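Encoded as structure tokens, the following chain is the form predicted on its own, with no partner shown.
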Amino acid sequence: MDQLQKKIYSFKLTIPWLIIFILFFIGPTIAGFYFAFTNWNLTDAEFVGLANFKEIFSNPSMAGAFSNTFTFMIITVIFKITIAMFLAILVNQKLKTQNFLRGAFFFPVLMTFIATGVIFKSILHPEVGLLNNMLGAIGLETLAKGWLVEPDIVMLSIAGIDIWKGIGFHMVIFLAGLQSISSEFYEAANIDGASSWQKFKKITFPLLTPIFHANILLAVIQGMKVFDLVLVTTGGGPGFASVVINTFVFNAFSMGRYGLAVAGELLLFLIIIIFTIVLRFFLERREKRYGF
């Protein structure tokens, strides 16, 4: 088989996958861009230009949805990455309970967001919830709150649930990065008498930089796409206190405003793309500083 035949043969092999990719990925994406500019009711699609986007930005709850989404994203990224990194360092130690700890911390990842939301909705109930009852039992009843019904703290409560659920996922990625670091670095540091903090600062953290950045990007995207937890725990309430971009999209879809719902999703898609590109630019500059 000559070189030309080899190229033609390899091209033929890609054709089925290319057709599937176009039909199920490229096609729906292009259709979504079009329907975002229409008044679509599943059967007819009347072109309305930018009317859907004007309605989104003029909606009184939309400013709160943007604010809540970005607040949720920032809080969850900071706490997930920080806690996951230190948990990964902990379970990477040669402990007898190493495997148990890894499984215990990863277990919440296996639960669905729906199940997690239902469980925590019960735990955080203001009157019969486990958390407030425990606080009362140890004399800290003044700290008891209406965790999912008070507007000032409801987004913090939902962020806390998401942090609990997501830490294990990021911990596993950090753990893979830690195990790729050669033990020779630490042996040399031990000979030089380096402390644990010095080894973390000069060896662990710099060599984990690419893993660190990958985790940040994943956490940012997950944070911007938040929906399930909000829907199950509060439905966007009380009032509009926990409404996020995706709950607005869900409400538009529930009302049969499919064009408006697609416009909202397109807007979120563009925000995530722009945010990811800008963040990636700064993270790459930081990686070059460490010589990666």
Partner chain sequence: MVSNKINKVMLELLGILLCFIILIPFYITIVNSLKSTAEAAVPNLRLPSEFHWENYIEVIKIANVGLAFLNSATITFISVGLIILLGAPVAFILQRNKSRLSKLILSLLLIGLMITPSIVPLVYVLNSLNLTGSKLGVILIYIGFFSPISVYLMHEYLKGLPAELDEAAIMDGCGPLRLFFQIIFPMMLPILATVSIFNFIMVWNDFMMPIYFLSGSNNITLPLTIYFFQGQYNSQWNFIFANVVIVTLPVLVVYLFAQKYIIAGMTSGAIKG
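Throughout, rigid core stands for the largest set of C-alpha atoms superposing within 1.5 Å between the two forms. Just so we're clear, the structure is a prediction, and the values are computed from it rather than from any experiment. Residue numbers count along the first chain shown, from 1.
If you look for the form predicted together with its partner chain, you will not find it shown, but the lines that follow are about it.
- Partner proximity in the predicted complex, defined as non-hydrogen atoms within 4.5 angstroms of its partner chain, places exactly one of 169-177, 137-145, 201-209, 72-80 at the interface: 169-177.
- Only one of the listed residues (62, 48, 249, 241) places a non-hydrogen atom within 4.5 angstroms of its partner chain in the predicted complex, and that residue is 249.
- Although the partner is absent here, residue 56 is not a contact residue: none of its heavy atoms lies within 4.5 angstroms of its partner chain in the predicted complex.
- Using a 4.5 angstroms limit between non-hydrogen atoms, residue 288 is distant from its partner chain in the predicted complex.
- In the predicted complex, residue 237 stays away from its partner chain, with no heavy atom inside 4.5 Å.
- Proximity of residue 20 to its partner chain in the predicted complex falls within the 4.5 Å heavy atom cutoff.
- The candidate spot formed by 67, 255 and 281 is out of contact with its partner chain in the predicted complex: none of the three has a heavy atom within 4.5 Å.
- Using a 4.5 Å cut-off on any heavy atom, the residues of 215-230 that reach its partner chain in the predicted complex are, in sequence order, 218, 225, 227, 228.
- For residue 20, a C-alpha deviation of 2 angstroms or more is recorded between this form and the one not shown after rigid-core alignment.
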